[in-house]
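Take a look at this single chain, the form predicted on its own, given in structure tokens.
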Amino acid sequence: MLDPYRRQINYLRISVTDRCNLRCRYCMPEKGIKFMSAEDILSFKEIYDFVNVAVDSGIHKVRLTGGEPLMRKGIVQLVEMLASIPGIKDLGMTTNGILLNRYAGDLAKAGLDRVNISLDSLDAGNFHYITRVGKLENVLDGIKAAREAGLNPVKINCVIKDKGLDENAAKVKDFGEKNGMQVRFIKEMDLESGVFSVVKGGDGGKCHICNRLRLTPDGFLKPCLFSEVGYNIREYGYREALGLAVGNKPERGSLNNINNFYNIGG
């Protein structure tokens, strides 16, 4: 699938839930959010059927996000369903790692290829401050479990305030290098004002080569993170929604006042 700017669209990010077990200061209000109703959330069958159509149209890379995807009941079953689709070359997940120690082995057996794990600090106190409720030891256990399960390459996502690396980020970088893991540094973004930048160590933020579409938990297919445009796959049908999202993908993101990071997958 080619968009209006001749970019090959072959990557689908699926936000399977807006729920999360952390309350990170740059992502979610302290008191949490009003969650989507259960009837609005796409079923596993709807996700599976849509991904089949998307793969038939040229998608070959799929990533599960959230919220926190491991909060979605039955997530291992969904991974197994998606892994069975011929044509998916890369099936990944972005997770905060809190529950990964429990699920890593089953996810690998179900067909998940690899994981990106969020880790903003290696100081337990600072980690708890950033996440408001998280325990660093749970994430470290999750990283270990993911590596032992073969969910490689394990990549680390680290959010930073500025373009330079502060002490926290530098220690995360050290940790990644010592353990053979790639660390990607993501400058804190703002959907409402359109503030974003290129991800250090990744392709995010490079609009001229963007190959992504995003599916929200309630079924809106979005051509760009920093855009308010979205097409409900239930209303338009799978193929038409794909065609509209690809055909209306902007050259560059601007702003987004109707979504949040916790329900669009970052």
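Owing to the predicted nature of the structure, the values given are computational and were not obtained by experimental measurement. Heads up: residue numbers just count along the shown sequence, starting at 1.
This protein has a second form, the form predicted in complex with a small molecule, left out of what is shown; the following refers to that one.
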item: Contacting member of Ile88, Met81, Met189, Ala108, with respect to the small molecule in the model of the complex [4.5 Å, heavy atom]; value: Met189
item: Among the candidates Phe35, Tyr236, Tyr26, Phe44, the residue which, in the model of the complex, approaches the small molecule to within 4.5 Å (heavy atoms); value: Tyr26
item: Asn101 within 4.5 Å of the small molecule in the model of the complex, heavy atoms; value: no
item: Non-hydrogen atom contact Leu151 with the small molecule in the model of the complex at 4.5 angstroms; value: no
item: Pro217, heavy atom within 4.5 angstroms of the small molecule in the model of the complex; value: no
item: The small molecule contact at Val159 in the model of the complex, heavy atom, 4.5 Å; value: yes
item: Answer range among 90-98, 73-81, 167-175, 143-151 for contact with the small molecule, defined in the model of the complex as heavy atoms within 4.5 Å; value: 90-98
